[in-house]
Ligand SMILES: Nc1ncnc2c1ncn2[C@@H]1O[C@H](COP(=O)(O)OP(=O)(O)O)[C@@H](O)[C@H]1O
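Okay, here we've got a single chain as C-alpha cells, the form predicted on its own, with questions on binding and movement later.
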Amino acid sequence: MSNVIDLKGISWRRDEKTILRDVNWQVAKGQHWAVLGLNGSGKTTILNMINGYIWPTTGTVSVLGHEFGTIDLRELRRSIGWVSSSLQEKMHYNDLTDNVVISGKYASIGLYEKPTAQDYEQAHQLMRDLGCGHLIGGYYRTCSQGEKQKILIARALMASPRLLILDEACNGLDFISREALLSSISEIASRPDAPTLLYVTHHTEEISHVFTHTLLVRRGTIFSVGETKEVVTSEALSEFFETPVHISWQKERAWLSVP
C-alpha cells in the first residue's frame, strides 16, 4: 500500500536561497504525525509543497498515492483539509457558522451553493462532535478564537478529507481553549474512519498520545524522524534547540522546561 505522504530528496530554492534541503519523509496510512520546529524552520514550506502550492527544485512528491506531475492538483486538494489560525481571518465574518462549515464541501471562502438538508445535518453533527453544537445558527463573528478553530476543523471535515493538516491550530488560544481543542483533535484521531492527521506546532506539550510519530524540522532540513517517544526526549531536544531542555512526560504528553 502506498504512503499517504512520500517526499524523496526534496530541496527548494527561492531567490537563490535554499529553503529546504534533502527532505525525505514518509507517512504511512493509519499514522498520525506531529511536526515540530521553531518559526522559520521550514514547516510551512513543507505543507505548501504537500498541498501542491509550490514545486520542489529537486526530488519527488507523492501525496495520497499520486506523484506530482501525474495528477490534477486541484482535484488532490479536495482530499486534503488544512486548518490554520490565519485561515480565521479569511472567512466572511457575517456568515452563519453553519454556512462556514458547509463551505468546506465546496472548498470555497463563503458559501455560493444552495445547501441541502443533508448538508445541514452533516454540518450540525460535525459541530456537535467537536463540542460546538451550541454555535449552530450563530454568527461566525461572535465566536471566540477557540470556537472559530473548531468551526474551521468542522469545515475541513465536511469534505471527508483523507489527510487533515492542523497548522499551529492552538496559536493564540488561552489554556482552557487550548485543552478543549486538543481534546477534540484527539477524539477525531481516535475514530476508525479518521483522516491521517498532521499536527504542526512548536510546543511539545500540544503533542497528545494520538500522535505516535514526530518529525523535527530545523533550518530547512529533517533533524529527526520516528516514533514520538523516541524522538521527543530531553537529549534529542537539547540538541535540536541547541540549549539544555528537560522533557517530563505527564498524562502521555511531553512537557518541556529549561533546567
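The numbering used is simple: start at 1 and walk along the sequence shown. Note that the structure is a prediction, hence the values are computed from the model and not measured.
If you look for the form predicted in complex with this ligand, you will not find it shown, but the lines that follow are about it.
When contacts are judged by a 4.5 Å heavy atom cut-off, Thr70 does not count as touching this ligand in the predicted bound form. Proximity of Lys251 to this ligand in the predicted bound form falls outside the 4.5 Å heavy atom cutoff.
Heavy atoms of Ala28 never reach within 4.5 Å of this ligand in the predicted bound form, leaving it off the interface. In the predicted bound form, at least one heavy atom of Thr44 sits within 4.5 Å of a heavy atom of this ligand.
The stretch that touches this ligand in the predicted bound form, counting heavy atoms within 4.5 Å, is 34-42, out of 58-66, 34-42, 191-199, 208-216. This chain appears without its partner; in the predicted bound form, the one residue of Ile10, Ala236, Val245, Ile19 with a heavy atom within 4.5 Å of this ligand is Ile19.
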